[in-house]
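Form predicted on its own, single chain, as C-alpha cells, below.
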Amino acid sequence: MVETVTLTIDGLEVTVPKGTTILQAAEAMGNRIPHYCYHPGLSAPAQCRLCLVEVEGAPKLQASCVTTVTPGQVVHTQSESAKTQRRGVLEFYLKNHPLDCPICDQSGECKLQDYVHEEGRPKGRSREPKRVLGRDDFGGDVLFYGDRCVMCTRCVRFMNEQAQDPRLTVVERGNRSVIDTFFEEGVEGSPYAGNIVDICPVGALVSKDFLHKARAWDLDRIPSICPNCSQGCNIELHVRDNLVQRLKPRDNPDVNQHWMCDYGRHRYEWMNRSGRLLLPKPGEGRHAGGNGAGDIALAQSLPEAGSWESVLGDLADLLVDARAEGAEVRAVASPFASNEDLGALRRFVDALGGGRIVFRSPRTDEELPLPGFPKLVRRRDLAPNVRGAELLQMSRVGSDDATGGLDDLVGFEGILVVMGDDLDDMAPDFGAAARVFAFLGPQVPRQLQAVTCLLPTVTHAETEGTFTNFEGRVQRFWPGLHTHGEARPAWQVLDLVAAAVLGDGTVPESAAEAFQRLADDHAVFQGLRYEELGTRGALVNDPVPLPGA
C-alpha cells in the first residue's frame, strides 16, 4: 500500500504519495507553480529560483521543485512574498532577453511570455544595453540563440542524464554563463538530440527544419502514433494548411515517457506527398487470364472514373465469378496500415476462400536505445504495425529495404489484392496473369499496367484507428489531415466489397466498430475496447515480453 501525506496548498487540502515535491503536489490539484529548470524527466537543480513558495514555519521561501511534502504542511504559492520573488526573478531574466517575440519560433508557447504576462512588471527598469551573443549552430537540426537563454540547463541535463551523451555544458560563470558544445563537436549524430528543442522553455534552442515555418497559434495539435518504427511513440501531429509541419512527442510513461528519436521526428514529409490517388477507377488490367476478349469486356463493364458504387459493384461481380470458379486468393499488405485495415483484409481474403497474406517492411541492423529510459528504442522494424500484421497471421517477405519477396505472385492467376504497398520495385506487368487484381492505396502506382481497379485509401494521418507496437500495446491515433479526393479507410472499402460478395450487408460504420469486429474475429484482441484504449493504449492478450523484464 502506498504511504500518503496530506498537506494544505493555498487553503485546499491535498493527499499525495510520500516523497512527492510541493511542485508536483500543486500540479496534482491543478495549481501550476511557475518554473523553468524543473522537468519531470530530469533531475531538479533548483537553480531558476522561479518556483519559490512560502511554507509556514520555514525561515525563508522554499524551492518547490526539490522540497518534499510533510504531513500538515501549509504552503502558500500566491503569498505576497512569493509573488514579489517571482516578479524580481522575471525582471532579471528580461534584463538581457531580446524582445524578438515577433520572429521567435517559440512565440505563442513560450513560458517567459506567459509568466511575464501573468506576474511580471509592466515596464522594465534597466537602462543598460542588453548583452548580445548571436546565433550558434549546434549541429544536426539544432540552432542556439544565446541571447534568449535563461540558463535553465534542461538541455545540458538531458544530454547528460537521458541521452548519456554529454555534448553540451555551461561555459563561464555568473552573468557570462552560456551553453556551448565541446569544441566543434556539436550534437550532430546524437540520435535523441532533437528533444532539447522540445524541452527548452524559451526560444533559445530551435529546430532548423521548423525555423520560421509556422506560428504556434496557427497549428492544430492532434494526438497520434509515430509511424516510423515499431516502438509506437506517442506523438502529436502539428498541422497547418492540411500539411504536417512537425512531429512532437506526447507523454506516455509506458512507451516513450516525454521523448522521441530524431529518426522518427524528421520523417513526416511522406504524409504530405502529392501524386495521390483521388478517385476509384478501373485500371488497364486484364481479366480471366489476360486474353483480348477479357480486356474488351472489362473496359466496357467499368467506368473511367469516380463512382465508388459502380467500381465496387463491378469489382464484387468479378470476385463472385472468380470465387465460383475456385480461384485462389493472395494478398500483399502493409505494416503501415492500421489494425482495422489489416483485420478487414484478413476477413476479405477469408471470405473469398482463404489465402496467404504477406507484407514487406523496411528494417535496419541497428537499434538505438535512449540510455536514460531504455524502454524507448528506435526499433529494428521501421514500420508501426509489424506486430499487428504478425498477430493476424501475415508473413514478412522480401529484403530489409522492403523490396523483393513477391516473385511467386508474378505469374499468379487467381485473385490478387494489394493494400498499401506501392510495388515500386516490380515490373509494369506485375499481376498481368491475375484474374482480378485490386489495388488499394493512397498513392498512384505509376508503373503498374495490369490493375483491374484502383481504390484510393487514406493514410493514418487522415483517419482514426489503432496500431500494435513491438510489445503488443494497441494504441489509438486520430485524424489530423483532411482526406484527399474520394479516399476512404481501407477497412471500409474491403468490408463493403466483402459484404457484397457474401451477400450479408454488414459493414462497420466507424473505426470503433471496425475494431470491435477485429476483436470478435481474433482472440488475441478480445477483451480490448476501442473507447477504453484512451491516449495510452493497452496490451493485447499475447504481449511480447520485454528484454530483461
Partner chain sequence: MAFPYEHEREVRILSRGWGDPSARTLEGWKALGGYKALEKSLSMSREAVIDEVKASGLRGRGGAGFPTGLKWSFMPKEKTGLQYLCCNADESEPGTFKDRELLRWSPHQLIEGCLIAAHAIQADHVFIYCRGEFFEAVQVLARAVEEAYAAGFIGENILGSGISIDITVHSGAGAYICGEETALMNSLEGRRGLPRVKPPFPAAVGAFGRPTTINNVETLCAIPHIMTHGGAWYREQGTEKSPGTKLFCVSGHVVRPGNYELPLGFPLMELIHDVCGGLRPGRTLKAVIPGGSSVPIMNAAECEACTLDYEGVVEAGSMLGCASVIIMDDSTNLVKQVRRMVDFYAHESCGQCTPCREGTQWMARILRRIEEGRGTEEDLDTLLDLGDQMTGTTICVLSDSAAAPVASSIAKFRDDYLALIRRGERVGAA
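Keep in mind that what you see is a predicted model, and the values were worked out from it rather than measured. Residue numbers count along the first chain shown, from 1.
Keep in mind the form predicted in complex with the partner chain is missing from the figure; the text below concerns it.
Peer 1: Looking at the partner chain in the predicted bound form, is some heavy atom of each of Ala46, Phe92 and Met151 within 4.5 Å of it?
Peer 2: Verified in the predicted bound form; spot residues all in contact, yes.
Peer 1: Of Leu52, Ala511, Val69, Ala26, which one comes within 4.5 Å of the partner chain in the predicted bound form, counting heavy atoms only?
Peer 2: Filtering the options by heavy-atom distance leaves Leu52.
Peer 1: Identify which of Gln113, Ser177, Ser310, Gln78 has a heavy atom within 4.5 Å of the partner chain in the predicted bound form; exactly one of them does.
Peer 2: The residue from Gln113, Ser177, Ser310, Gln78 that makes the contact is Ser177.
Peer 1: Does Lys60 reach the partner chain in the predicted bound form, with heavy atoms at most 4.5 Å apart?
Peer 2: Looking in the predicted bound form, residue contacts with the partner chain include Lys60, since a heavy atom lies within 4.5 Å.
Peer 1: Does Thr84 reach the partner chain in the predicted bound form, with heavy atoms at most 4.5 Å apart?
Peer 2: Looking in the predicted bound form, residue contacts with the partner chain include Thr84, since a heavy atom lies within 4.5 Å.
Peer 1: Looking at the partner-bound form in the predicted bound form, is Glu269 within 4.5 Å of the partner chain by any heavy atom?
Peer 2: Output for Glu269 is no: heavy atoms all beyond 4.5 Å of the partner chain.
Peer 1: How about Val171 - does it come within 4.5 Å of the partner chain in the predicted bound form, if we only consider non-hydrogen atoms?
Peer 2: Judged by the heavy-atom cut-off of 4.5 Å, Val171 is in contact with the partner chain in the predicted bound form.
Peer 1: Where does the partner chain sit in the predicted bound form: which of 494-502, 481-489, 511-519, 52-60, heavy atoms within 4.5 Å?
Peer 2: Contact-bearing stretch, as computed: 52-60.
Peer 1: Give, in sequence order, every residue of 123-159 that has a heavy atom within 4.5 Å of the partner chain in the predicted bound form, or say none if there are no such residues.
Peer 2: Contacting residues: Arg125, Ser126, Arg127, Glu128, Pro129, Val150, Met151.
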